[in-house]
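This document starts with two versions of one protein chain, written out as structure tokens and named structure 1 and structure 2.
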Structure 1
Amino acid sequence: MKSESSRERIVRRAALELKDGFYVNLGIGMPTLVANYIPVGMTVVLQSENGLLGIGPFPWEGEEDPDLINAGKQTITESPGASYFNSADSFAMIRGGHVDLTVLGGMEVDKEGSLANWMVPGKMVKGMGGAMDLVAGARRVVVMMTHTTKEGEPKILKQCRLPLTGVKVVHRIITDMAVVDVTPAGLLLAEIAPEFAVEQVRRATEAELRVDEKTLKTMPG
């Protein structure tokens, strides 16, 4: 099991991808927690596939509104000026290229930035959701996930084994061990968590990682 501190590190680091004025879609699961870490003074408009523009942080216990939920059916709050619309308009926004950034969870990412995150063969799923539209329509795609499975197997692979969500769509991968950029020359280790060495990250990664010691940074704790 990954510790809560590792999970929080991933979320906090993902929040640094936000830019003032961005329209952002946060995927189901861990990415939704990024809403609680928007830097003070920054204006970010969060969009949800089920038809809400202007999501606020998660509500305090006892203040939940059961009619106000995100695409993952979690109760949420709304920001001042929030608007509601149907799913057709929501997906038109995504497909029209109006989402600056999407932050998604991932099961596998390969060396070319292809993503698998919507199903495991043999397990029942409700549907593919909006991930396929998001990776095709958002201007920037960031995936946040643990670096390995619970069994210690790599999740950054030479080639994805699970059914793909999108081909060559991911720009950046944020894990509990590192930040990895997908570049035309391959995967680049951009940041590394302070308690890990480069060789440890390489051993936990099936795909080849390029390292430039001049540009490699320490991942924020």
Structure 2
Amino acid sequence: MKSESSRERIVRRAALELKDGFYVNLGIGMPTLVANYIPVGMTVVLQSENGLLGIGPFPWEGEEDPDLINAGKQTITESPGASYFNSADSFAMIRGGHVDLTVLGGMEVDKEGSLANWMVPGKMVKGMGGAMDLVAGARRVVVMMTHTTKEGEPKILKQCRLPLTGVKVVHRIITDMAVVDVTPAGLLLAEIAPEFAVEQVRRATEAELRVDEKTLKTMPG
């Protein structure tokens, strides 16, 4: 079971993926929290797939507007310079490669960067929402998730077992144990959390992890 601090570590690390001038779509749930860690002075424009570029802070109590929500159906505000558009335009931005980065949650990622995050057979299927379009269209796809399931089973696999959201779409995986990059030569351990040894991360990962001691960094936080 993940602790609050491991969750915060994942979110803080994911925020380091942001760059000045980026147009970014943050997924529903934990990825939404990445917005709390945009560095002061950095301009990042957040896209909401229900038709807004320029998500602002949550409203003050009493100032919420039922006509202004994010994709998680939360009340939000618009930032200065925001724009509204219909859902086809919204996904034209996404599918057309205009969104620099998307950060999404994941259930499984495999060694080729395929992602499963929308459906568990035998459970009620609620739908994929915009996730399949985001992974197919955003220029860079970062998945944030705990390294293992609540039962301690690996989520980074040789091959996804759950139904896929996208095939070979993920560029980077950020977990509470490590940062793992998907490369043509397989998965590369890019960063490791300070309290873990490489062997521990490998044991918690089903897919093979390449390690280059020269480039391996310590994960901040």
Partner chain sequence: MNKVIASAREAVAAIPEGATILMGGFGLCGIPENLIAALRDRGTGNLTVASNNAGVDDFGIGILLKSRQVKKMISTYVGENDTFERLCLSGELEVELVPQGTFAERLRAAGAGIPAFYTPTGVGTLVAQGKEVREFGGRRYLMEQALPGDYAFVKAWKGDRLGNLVYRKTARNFNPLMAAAARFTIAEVEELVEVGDLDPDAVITPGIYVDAIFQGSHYEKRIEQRTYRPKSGPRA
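Residue positions are counted from 1 along structure 1's sequence. Because the structure is predicted, anything quoted here is derived from the model rather than measured. Between two forms, the rigid core is the largest collection of C-alphas that superpose within 1.5 Å.
K.L.:
The form predicted in complex with the partner chain: 1 or 2?
P.N.:
Answer is structure 2, the other one does not fit.
K.L.:
Can a Cα shift of no less than 2 Å be assigned to Pro59 between structures 1 and 2, given superposition on the rigid core?
P.N.:
Yes; that C-alpha moves by at least 2 Å between structures 1 and 2.
K.L.:
For Thr146, is the CA shift between structures 1 and 2 at least 2 Å following rigid-core superposition?
P.N.:
After core superposition, the displacement of the Thr146 C-alpha between structures 1 and 2 stays below 2 Å, so no.
K.L.:
Keeping the rigid core superposed, can you check how far the CA atom of Thr77 moves between structures 1 and 2, in angstrom?
P.N.:
So the C-alpha of Thr77 has moved 2.8 Å between structures 1 and 2.
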